[in-house]
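Next up, structure tokens for two forms of one chain, structure 1 and then structure 2.
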Structure 1
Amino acid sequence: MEDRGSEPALVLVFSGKRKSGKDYVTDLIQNRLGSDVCCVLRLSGPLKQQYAQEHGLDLDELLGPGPYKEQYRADMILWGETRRRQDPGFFCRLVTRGVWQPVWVVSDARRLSDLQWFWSEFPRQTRCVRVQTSEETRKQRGWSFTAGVDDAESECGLDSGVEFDWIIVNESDAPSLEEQLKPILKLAEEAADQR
């Protein structure tokens, strides 16, 4: 039998282009709610772990925001897609195993199949959030266009066809993240209280 922990009270599924600030925003949410209430789940976590092991790479570097992971991204995408073709819920099931906190924040949905998995497992609890950032700001954070990555499903799979519950604009001239995240944090606190 699968070790599923307990049912979440709320599942916030985040997506956004690379360097949009998905990790930054989801870390902020966890800091606000506390790690006994909120767990950040990265679908790329088990993917990177397995990929690093098979290829003799530095997992901490692969997990970090620096340039190291970019050298391997295109190949990791292909590697992960092979897994997902066999079983679209493979990484979703791995990261949710044993999670006990009431609020789950998935930091990196990339494909419709990721969203569909959470919608079908937790239809009442799942909400989708997009982190939106201009190319200019992403460039300032180190992004540059890479063919095979920025034009592939990994980056474009959720560009259209999804009605997001919230869109967070992560730009210096937008309302503060604190302000934009207020309704999400309120919902999360209410959901956690009701459990």
Structure 2
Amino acid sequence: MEDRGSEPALVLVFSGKRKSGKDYVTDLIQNRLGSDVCCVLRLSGPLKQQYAQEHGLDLDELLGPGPYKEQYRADMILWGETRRRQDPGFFCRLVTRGVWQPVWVVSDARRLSDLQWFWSEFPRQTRCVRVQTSEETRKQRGWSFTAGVDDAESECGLDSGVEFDWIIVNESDAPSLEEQLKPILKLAEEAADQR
């Protein structure tokens, strides 16, 4: 294995469209479980770090939610796709280095190759979760359609052909996130206790 502190007891791989609330939901899980039990892994982190390094850009701005990231998003996607074609597990391996907590929460899987890597490396531990939100709610959160981004594999690659273990509906009229997350938190607590 790749410089890992230990094998995970559970890997929760989250996906969803931009502005669906993936980070909000995954941060909620980490806050509930505690950072000694659960870590949030963002595949976009090592991608943005490597992209910023190779292109002389401000990493902090790329990691933020603002317009700086948006002006580079389309090119960053193309650059990331090229890297993935050369090595589908490149970013997955980078993000899991040195992780020691028993529960890993991957907040931003965007492609089938991301899921396949975790299924291949951790077949017993990996569960997939989709966060869904209507376009109207996403617009209220600041989303607007961007050609070359919202119609690219990085946004649409997991829209079909994947059987998710859970689907979280992140809408005001849906059951509370607390209620929807109960089975996931229960599984995470049990997995952490067994390690």
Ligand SMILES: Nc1ncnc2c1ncn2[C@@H]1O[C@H](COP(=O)(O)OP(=O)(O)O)[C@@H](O)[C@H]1O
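These numbers were taken from a predicted model, which means no experiment stands behind them. Along the sequence of structure 1, residues get numbers from 1 upward. We call the rigid core the largest set of C-alpha positions that still match within 1.5 Å between the two forms.
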{"item": "Pair member which, unlike the other, is the form predicted on its own", "value": "2"}
{"item": "Shift of E54 between the two structures at or above 2 Å (CA, core fit)", "value": "yes"}
